[in-house]
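What follows is a single chain, given as structure tokens, in the form predicted alone.
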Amino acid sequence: MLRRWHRRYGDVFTVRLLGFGTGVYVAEPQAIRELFTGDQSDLLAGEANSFLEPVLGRHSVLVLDGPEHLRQRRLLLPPFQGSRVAAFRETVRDVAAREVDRWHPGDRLVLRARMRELTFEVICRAVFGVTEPSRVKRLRRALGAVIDTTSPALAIPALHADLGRFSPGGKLARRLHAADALLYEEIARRRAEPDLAERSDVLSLLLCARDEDGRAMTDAELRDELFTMLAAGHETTATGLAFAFDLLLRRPAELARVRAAIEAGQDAYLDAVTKETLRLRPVIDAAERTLTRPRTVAGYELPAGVKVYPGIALVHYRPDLYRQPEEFRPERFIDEQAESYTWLPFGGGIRRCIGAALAQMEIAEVLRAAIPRVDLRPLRTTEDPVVLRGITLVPKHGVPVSVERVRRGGPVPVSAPAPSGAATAT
């Protein structure tokens, strides 16, 4: 629908969405650059995400604005940059290899469901620092239940009310209570660890972090950021992986090329597959900003209170930026590197996704583990339709496949640093 509106109305158009009010989609890269990198004093991204506060909490970096947002972001950034992300690579590799080892010829899998299990374990190990299977299982059950309850309906305040166990608000309240108990238990357990300062998981690093005034994060702040990392990094990466498999399995030439590149220990094409997947199948269709005062955007005078949506999916399909934009062509990211603010799966500016480097690395490592070792056959005759589920775009049927062949063997050759250009936020 957004793409039809874009073709009909151009790079700037107004929409009115139930529960969200009036918004303006922008699909012009220069205007988006100005929104992401220019004066932020009249743009509230946290307020635009406020409907997520009942789940993520009021301290989440996604719902904060101004100095509070900058403080949380500075505390959160170090564990997701450079060498820290490289250190997580072994964790992802191990989890992915063990997942693929469970697949056998004749199995029928729904890949998004399998990838959700996989990425949740990565979050548990790399972010929460939890490796015991029983604790991972408890966290998966409790936290997954909350994520599955979350929907855009949270934008309607009346639905927050706890009107009994079967009401939306009541169901969410009970699931949040159970999940919070486990998260606070993990925070208390980690605080008491004698080797806290030597640990490398994100929770331990955040417990040791201090802001410019020497203040540590409170337990409530830690809880909210852990939930944010789960919501923003678990579901979205699993979805990106499902899309990657769906796109590759239907294109034998591209699949053969990426398999050969992996087996040769060459990463350029694998990284290009990751970037092209996120271009063609972005998990979020747009970023969001709320104007606190009138502002000129892409030549239009917009009043205060309007939400502005930098159109990620719309920019990714512009034919003047990407030749044959509807085709899956990973080589475009080798032959013609995307210009700034034309590839936006992680947003941009001071709100760019903190976990961008980790997500790209995770997608690449899972593909590296699976593609040389298994032959999968899609069970649908056509690509999975893209639908909106909650606030993300997902494959409607989860990409069902059958396992045709499994090759057992040693580890896949690896030569990879972190994906280029992904390690820092702008």
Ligand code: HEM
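The first residue of the sequence shown is number 1, and the count goes up from there. For clarity, every value in this text was computed on a predicted model and none was experimentally measured.
The form predicted together with the named molecule exists for this protein as well; it is not shown, and the discussion that follows is about that form.
Of the residues given (79, 330, 233, 311), 233 alone sits with a heavy atom within 4.5 Å of the named molecule in the predicted complex. Checked against the named molecule in the predicted complex, the residues 351, 316, 275, 116 give one hit for a heavy atom within 4.5 Å, which is 351. Here the chain stands by itself, but in the predicted complex one stretch of 191 to 199, 352 to 360, 320 to 328, 213 to 221, 352 to 360, has heavy atoms within 4.5 Å of the named molecule. Of the heavy atoms in residue 289, some are within 4.5 Å of the named molecule in the predicted complex. Although the partner is absent here, residue 73 sits close enough that one of its heavy atoms falls within 4.5 Å of the named molecule in the predicted complex. Contact check for residue 169: every heavy atom lies farther than 4.5 Å from the named molecule in the predicted complex. Contact check for residue 280: every heavy atom lies farther than 4.5 Å from the named molecule in the predicted complex.
In the predicted complex, no residue of the candidate spot (120, 142 and 245) has a heavy atom lying within 4.5 Å of the named molecule.
Residues are counted as partner-facing when one of their heavy atoms sits within 4.5 Å of the named molecule in the predicted complex; in 377 to 401 not one qualifies.
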